[in-house]
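Before any questions on binding or motion, here is one chain by itself as structure tokens, the form predicted alone.
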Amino acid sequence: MHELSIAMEILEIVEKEALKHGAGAVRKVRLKVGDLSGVETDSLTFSFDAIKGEKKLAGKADLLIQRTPARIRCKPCGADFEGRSGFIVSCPECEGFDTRLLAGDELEIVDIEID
């Protein structure tokens, strides 16, 4: 259950940024979570909601999560395609295995909405 520690770190970052910008409260926290990040979004939301009440500014904040699919580029032919976790990645165009991950492993705070 590493999502609890992730939620704690997100709330710490949000509180610091809100204080830095003179906020009275945090209304929303938007995250981008890649399908290959290893983060269970339901557990992250549960953990966030369970501990946010301990925070002065983010105590009533809503957590909004945008999932990001894995995007992969084939190095030899340049084709971009979507990938899935747990599978060997080969290009659907040339069947090559020399690929590069473009997106899908991220865990980012996109923005926070403050009052």
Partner chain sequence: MSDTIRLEKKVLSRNDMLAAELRELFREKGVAVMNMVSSPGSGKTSLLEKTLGSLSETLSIGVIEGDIQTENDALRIAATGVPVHQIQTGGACHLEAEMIRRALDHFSLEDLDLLIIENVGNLVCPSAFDLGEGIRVSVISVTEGDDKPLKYPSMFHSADVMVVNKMDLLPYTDFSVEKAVAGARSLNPGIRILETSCRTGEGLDSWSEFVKEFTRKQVSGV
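All figures in this text were calculated on a predicted structure; none of them were measured in a lab. Positions refer to the first chain, counted from 1.
Quick note: we don't show the form predicted in complex with the partner chain, though the next part is all about it.
Taking the partner from the other structure, the partner chain in the model of the complex has no heavy atom within 4.5 Å of any heavy atom of Cys94. Although the partner is absent here, Leu31 lies within 4.5 Å of the partner chain in the model of the complex, judged by heavy atoms. Although the partner is absent here, Gly38 is a contact residue: one of its heavy atoms lies within 4.5 angstroms of the partner chain in the model of the complex. In the model of the complex, the partner chain lies farther than 4.5 Å from every heavy atom of Cys74.
Taking Val89, Leu57, Ile51, Ile65 one by one, only a single residue has any non-hydrogen atom within 4.5 Å of the partner chain in the model of the complex, and it is Val89. Scanning 99-115 for heavy atoms within 4.5 Å of the partner chain in the model of the complex gives Thr99, Leu101, Leu107, Glu108, Ile109, Val110, Asp111, Ile112, Glu113, Ile114, Asp115 in sequence order.
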